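Just the one chain here, laid out as structure tokens, in the form predicted alone.
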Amino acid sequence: MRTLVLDNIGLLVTNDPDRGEGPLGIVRDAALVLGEHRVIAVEAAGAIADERLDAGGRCVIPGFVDSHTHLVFAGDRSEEFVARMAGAPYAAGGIRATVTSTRAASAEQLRELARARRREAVRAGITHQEIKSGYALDVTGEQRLCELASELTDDVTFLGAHVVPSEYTDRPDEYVDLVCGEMLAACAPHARWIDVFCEVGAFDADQSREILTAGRDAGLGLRVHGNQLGIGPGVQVAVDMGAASVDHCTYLSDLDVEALAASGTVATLLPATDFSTRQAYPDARRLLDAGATVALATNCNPGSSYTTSISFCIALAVREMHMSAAEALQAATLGGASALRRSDLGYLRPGARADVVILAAPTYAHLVYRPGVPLVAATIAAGRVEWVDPELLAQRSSRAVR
């Protein structure tokens, strides 16, 4: 096994308070030794390995864990976005436009589109992504989307319950039966999770519980889209059923906040969606002060959040959602890992997966301080350098001794 040391790190965020300063576990003047897939050691600068990459005093953080995405789709909804910016309201029914385009696309077209988005995400420092289906809404189409997503991640979510398709508009309960039966049977072998959009215009509480119960019985973990468009039952359904995460959480009652704080269900906030839909931003401070676990994710999708920039989400969270820069960074790394119930992600400590981002900055605060600027100098996933800035690449050398 060859080893790689990231040396001369000015500020290393480990997310392990037992390993360094504060909740982020900051280590200064550090070196990070990586094996084939795992972190081997956190050491002082000057550590030895088979290969060396000089971080040049830059800040190093865990790779971003994007726990809510919809990467596999076809079509463009930019006109819908422009209309919203001019004042048109967001409605969940816009999903059906993407369903039409996605159904018409070939598997190879969908594969190339998803891979292009994945490459873009890697350059943005995202080392791990959850990917949902949900843009076919028929048995063969949803199975195809889950299969394509499984080529890019081991955190695939079956989202046949994204919205009721046009052909079932007058027969929503029949569609729920299809999701819980034939569609679930076709998709479960390719998925780890099941999700449901528990919202006005999508699925009500009873339908959501039925869908989640069927998924759990099929061996899938539970996720929920909830409380995006207004106060609703999504959070309570998620908490009652032990879902790993409830996502959006734009509108929360006091009882919702209390339920999240008392549970193991992560509140995943999607600020780029609130930006795109012109809705109020959720109050992350309210959740954090209550003791809830918060994650940040991109919700990359064509209708309400077409971005792979989790740095943009971090900046929005600090500016609009009352989070500190440290809290937002942790929510986009360790919080995302918690939302996926992954203990191997979100940390930089021995045994963790070697998912690392070198920032083109001396501190993670620049993610907020310099919004919109591409600050990722290198992305390393499972110990493999997936992308690196040419300037930094020149600092890489092979040497067993120094």
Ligand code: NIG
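This one's a predicted model, so the numbers in the text were calculated from it and none came from an experiment. Numbering starts at 1 and follows the sequence shown.
There is also a form predicted together with N-(iminomethyl)-L-glutamic acid; it is not shown, and the following applies to it.
**Q** What stretch, of 110-118, 209-217, 137-145, 295-303, brings heavy atoms to within 4.5 Å of N-(iminomethyl)-L-glutamic acid in the predicted bound form?
**A** Stretch 295-303 is the one.
**Q** Just to confirm, with a 4.5 Å cut-off on non-hydrogen atoms, which of Gln330, Thr157, Gln228, Ser311 contacts N-(iminomethyl)-L-glutamic acid in the predicted bound form?
**A** Only one option qualifies, and that one is Gln228.
**Q** Looking at Ile95, Ala244, Ala259, Val318, which is the one with a non-hydrogen atom within 4.5 Å of N-(iminomethyl)-L-glutamic acid in the predicted bound form?
**A** In short, Ile95.
**Q** Is there a non-hydrogen atom of Tyr90 within 4.5 angstroms of a non-hydrogen atom of N-(iminomethyl)-L-glutamic acid in the predicted bound form?
**A** Result yes; Tyr90 sits at the interface with N-(iminomethyl)-L-glutamic acid in the predicted bound form.
**Q** Can any non-hydrogen atom of Gln129 be found within 4.5 angstroms of N-(iminomethyl)-L-glutamic acid in the predicted bound form?
**A** Output for Gln129 is no: heavy atoms all beyond 4.5 Å of N-(iminomethyl)-L-glutamic acid.
**Q** For Thr268, is any heavy atom within 4.5 Å of N-(iminomethyl)-L-glutamic acid in the predicted bound form, or not?
**A** No - in the predicted bound form, heavy atoms of Thr268 and N-(iminomethyl)-L-glutamic acid never come within 4.5 Å of each other.
**Q** Indicate whether N-(iminomethyl)-L-glutamic acid has at least one heavy atom within 4.5 Å of a heavy atom of His162 in the predicted bound form.
**A** His162: contacts N-(iminomethyl)-L-glutamic acid in the predicted bound form.
**Q** If you check in the predicted bound form, do Arg77, His248 and Thr273 all have a non-hydrogen atom within 4.5 Å of N-(iminomethyl)-L-glutamic acid?
**A** All of them do, each having a heavy atom within 4.5 Å of the partner.
**Q** For a quick check, can you give me the residues of 19-46 that have a heavy atom within 4.5 Å of N-(iminomethyl)-L-glutamic acid in the predicted bound form?
**A** If the 4.5 Å heavy-atom criterion is applied to N-(iminomethyl)-L-glutamic acid in the predicted bound form, 19-46 yields nothing.
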